[in-house]
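What follows is one chain in structure tokens, specifically the form predicted alone.
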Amino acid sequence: MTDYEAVIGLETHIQLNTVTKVFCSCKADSWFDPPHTNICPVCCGLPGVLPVLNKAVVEKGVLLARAMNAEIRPLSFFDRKNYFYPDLPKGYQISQFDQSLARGGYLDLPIPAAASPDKQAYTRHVTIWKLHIEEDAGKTKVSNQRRLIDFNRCGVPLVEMVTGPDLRTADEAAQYLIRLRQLLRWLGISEADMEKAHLRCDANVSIRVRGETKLNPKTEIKNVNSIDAVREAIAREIERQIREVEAGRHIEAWTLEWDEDSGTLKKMRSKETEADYRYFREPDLLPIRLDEGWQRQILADFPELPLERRARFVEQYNLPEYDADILTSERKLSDYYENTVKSYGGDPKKVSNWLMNDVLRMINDQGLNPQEMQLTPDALAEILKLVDAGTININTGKALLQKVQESGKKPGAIVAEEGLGLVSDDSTIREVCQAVLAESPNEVAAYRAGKVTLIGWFVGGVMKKMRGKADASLARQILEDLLNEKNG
């Protein structure tokens, strides 16, 4: 049987999270607003109006270009992309063509073992062919066999970014989108929510015999609104193309629509080429001149990127890759972890354990981001120090997390107010141990008969009587002495 491989390139449209649209002062994010409530003569393309460029759009585009290792052009132009569609009232889209904001770029994409065909992790080098600014068109919806148009999205600022044909599997495409979404949120330039169309993806898919280098005719998949849907749609299209070729038929360059409800692909139209759009320079907008001073200003606080920080966490803090991946999933969580490590001064892995197992659950349950927590990095570090010093035990420390979050008080103050400190007095614990043994004659007999695993049950009884404040290791030692003494 012939061994085929897929050749996949992704076209992503990224909605930038500016307050206003790219060429007018209408509100940019109108997902929850009624149709046609955020429009004006500019974004509706009425005669006699002139667009004015939103400076923040350029600045956010430069941040993304820098993160993707692209060359930022000091001079770029806007162009008119001409096509007719009901939700494009001007009859053209203001975009960039041959002299765009940035050129080239790449992303070294880590593919985890779970997404690898042979279950071995590797890195895929993904090139960037296009990165440019443009405006969005409106939204079309079919209802009761009628085509409904909403112009709210007209003029919403986008960055279109196109990869080279470098991805080879549906899982690789999904991993690219996961990392891109992470990067956009990390930079603070887009909410990257695919369900709200902040991040949209079209996939170009072709197949070839493994080992060949030529590019065969490709199809374009549109209308996918989640990463899982992108993965499934690409996988289905790869299977279809293999069936077609095996049956002796040719692949035609069609644009396909993904039907989420049925999980199937449908033909929309033949695929357009760039020549179909008759690009020419936008006469109503000046060129973008990105001098060195403006670039320095935009990039002055450029952050350490998530994949770089992930690698550093593994090396500097000796964390497993699993921990580092979760802790760098969001920038604010990553900062929270690192600030806790600095304040604590102890084992970074211990901080990771507490954060991933307990604090992250609180963050998710309460719908907060780490910066909104009353349980600050300093407070978490203080709890860890109290546990290390033997002032409180681990169970009390975990209970303190919620107490600090609810009250905003310092952990040490809560321990003092509520008398949560660990009891390490031998005589006090011995008295409670004797009471537990006296109340449990059957269990004592079973222990002395050889069921020594019951020691944990006895320790639990002591901890319960002392409301978790006993030194568990001392309680265990006293219980063993009492049980062995009586037995002898």
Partner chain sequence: MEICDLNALELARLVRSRQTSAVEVVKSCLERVAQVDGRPGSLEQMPLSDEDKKRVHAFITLTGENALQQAEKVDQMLAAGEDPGVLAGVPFTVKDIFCVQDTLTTAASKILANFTAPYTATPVQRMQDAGAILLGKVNLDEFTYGSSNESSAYQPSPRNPWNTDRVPGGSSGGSAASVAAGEAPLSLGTDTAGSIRQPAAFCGVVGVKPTYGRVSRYGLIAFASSLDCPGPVARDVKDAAAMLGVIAGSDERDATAARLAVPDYLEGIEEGVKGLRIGLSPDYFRITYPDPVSGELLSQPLPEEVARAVTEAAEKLSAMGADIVEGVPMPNTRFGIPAYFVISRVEAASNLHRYDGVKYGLRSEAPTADLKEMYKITRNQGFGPQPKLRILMGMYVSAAQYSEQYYRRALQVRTLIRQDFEAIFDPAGAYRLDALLTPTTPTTAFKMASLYGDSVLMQYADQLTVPANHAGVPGISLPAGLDNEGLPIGIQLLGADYAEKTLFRAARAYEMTTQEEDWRKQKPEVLRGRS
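Numbering follows the first chain given and starts at 1. Predicted, not measured: the structure shown is a model, and the values here were computed from it.
Keep in mind the form predicted in complex with its partner chain is missing from the figure; the text below concerns it.
Trainee: If you check Val52, Ala449, Ala435, Ile455 against its partner chain in the predicted complex, which one has a heavy atom within 4.5 Å?
Mentor: Only one listed residue qualifies here, and that residue is Val52.
Trainee: Give me the residue from Tyr176, Tyr336, Phe151, Trp258 that has a heavy atom within 4.5 Å of its partner chain in the predicted complex.
Mentor: That would be Phe151.
Trainee: Looking at 127 to 135, 187 to 195, 82 to 90, 368 to 376, which one sits within 4.5 Å of its partner chain in the predicted complex if you count heavy atoms only?
Mentor: Selected range: 82 to 90.
Trainee: Is its partner chain close enough to Val42, Pro47 and Asp284 in the predicted complex that each of the three has a heavy atom within 4.5 Å of it?
Mentor: Checked in the predicted complex: all three residues contact its partner chain.
Trainee: Flag Asp276 as yes or no: does it have a non-hydrogen atom within 4.5 angstroms of any non-hydrogen atom of its partner chain in the predicted complex?
Mentor: Flag for Asp276 set to yes.
Trainee: Would you please decide whether Tyr122 lies within 4.5 angstroms of its partner chain in the predicted complex, comparing each non-hydrogen atom pair?
Mentor: The answer is no: Tyr122 has no heavy atom within 4.5 Å of its partner chain.
Trainee: Would you please decide whether Phe280 lies within 4.5 angstroms of its partner chain in the predicted complex, comparing each non-hydrogen atom pair?
Mentor: Contact with its partner chain, yes.
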